[in-house]
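The chain below stands alone, shown as C-alpha cells; this is the form predicted on its own.
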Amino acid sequence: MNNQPSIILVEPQLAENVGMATRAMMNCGLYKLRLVNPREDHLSAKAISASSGAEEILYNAKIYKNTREAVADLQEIYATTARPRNQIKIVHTAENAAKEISKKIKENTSNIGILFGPERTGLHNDDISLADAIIEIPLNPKHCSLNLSQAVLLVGYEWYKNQITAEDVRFVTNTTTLASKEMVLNFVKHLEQNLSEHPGFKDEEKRPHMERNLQNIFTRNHLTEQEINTLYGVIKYLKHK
C-alpha cells in the first residue's frame, strides 16, 4: 500500500461525497485517504453506505486540521483544479500526471499526495500554492465542473491504468471455442447445397458472386463451434418447413 499516492480531500462538505470518493478509490486500487477538516463525520451511516463496500478506507483515513499539516510528511504534491489560478505551476493532464507519479513511486524517489478541493469551491489558492504541480482534466470548457467522487475516479483510473496490463480488445467465447476455417467452409458449402434452387445459384453468371458473398459473411465474423452447429440446426428446420 505504500507504493501509491495519498488522496487528500480538503474540507469535504458532504459525508456522502467522502463515501463515494472512497468507492472510486477502491475501484482504482487506492487505499490511502487523508481528510482535511471535513464538515461532516466521515464515519457516519451516510458515508459508510455511499462507500458501497469501501468502508475500510474510511476507517483507516487520517484526519488533519489544515492542508499544511496534511502534506507535511510528503515530498511531492499534485493539486487538482479546473480553473486558472494565476500561479506559476507545471500543469499536467490526469493521464500524464499518473504516468509521472507511477514512475516516481516505482523508483522510490517520492512520497506523493494528490489534493482535491471542497465540492462547492474547489481548492483555495493557498492550497494550490503548496503543490508542486497541477492536474487539469480537459473537459468541455462550457461545463467542466465535476463531482468530488468523479474527479477522484478520473484521476484514480489514470493511475490504475499504469499499474495493470489490460488487453485493448478481448473476444469472449465462454464455454465454446472458435470454429476452424474448415468447419466454417464446410458449413458454407452445406448452405450453398441447400440454396441450389435459388435463382441466383441457377444463374451461372451470378453464382460465383453469391458464393463469394456467402463465404465473406461467414469467414469474417469469428463464428464459434456452437454458432455453426446452431446454423446447421436452422437450415435443417427451414428445409423441413
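Start at 1 and count along the sequence shown; that's the residue number. It should be emphasised that the depicted structure is a prediction, and the values quoted were computed from it without experimental measurement.
If you look for the form predicted together with another copy of the chain, you will not find it shown, but the lines that follow are about it.
Although the partner is absent from this view, residue 26 contacts another copy of the chain in the model of the complex, with a non-hydrogen atom inside 4.5 angstroms. Taking the partner from the other structure, another copy of the chain in the model of the complex has a heavy atom within 4.5 Å of a heavy atom of residue 176. Contact between residue 74 and another copy of the chain in the model of the complex is not found at the 4.5 Å heavy atom cutoff. Taking the partner from elsewhere, residue 150 is found to have a heavy atom lying within 4.5 Å of another copy of the chain in the model of the complex. The candidate spot formed by 90, 136 and 226 is fully in contact with another copy of the chain in the model of the complex: every one of the three has a heavy atom within 4.5 Å. Note that among 190-198, 27-35, 41-49, 64-72, the stretch whose heavy atoms approach another copy of the chain to within 4.5 Å in the model of the complex is 27-35. Annotation for 163-201: interface residues with another copy of the chain in the model of the complex are 164, 166, 167, 168, 169, 170, 171, 172, 173, 174, 176 [heavy atom within 4.5 Å].
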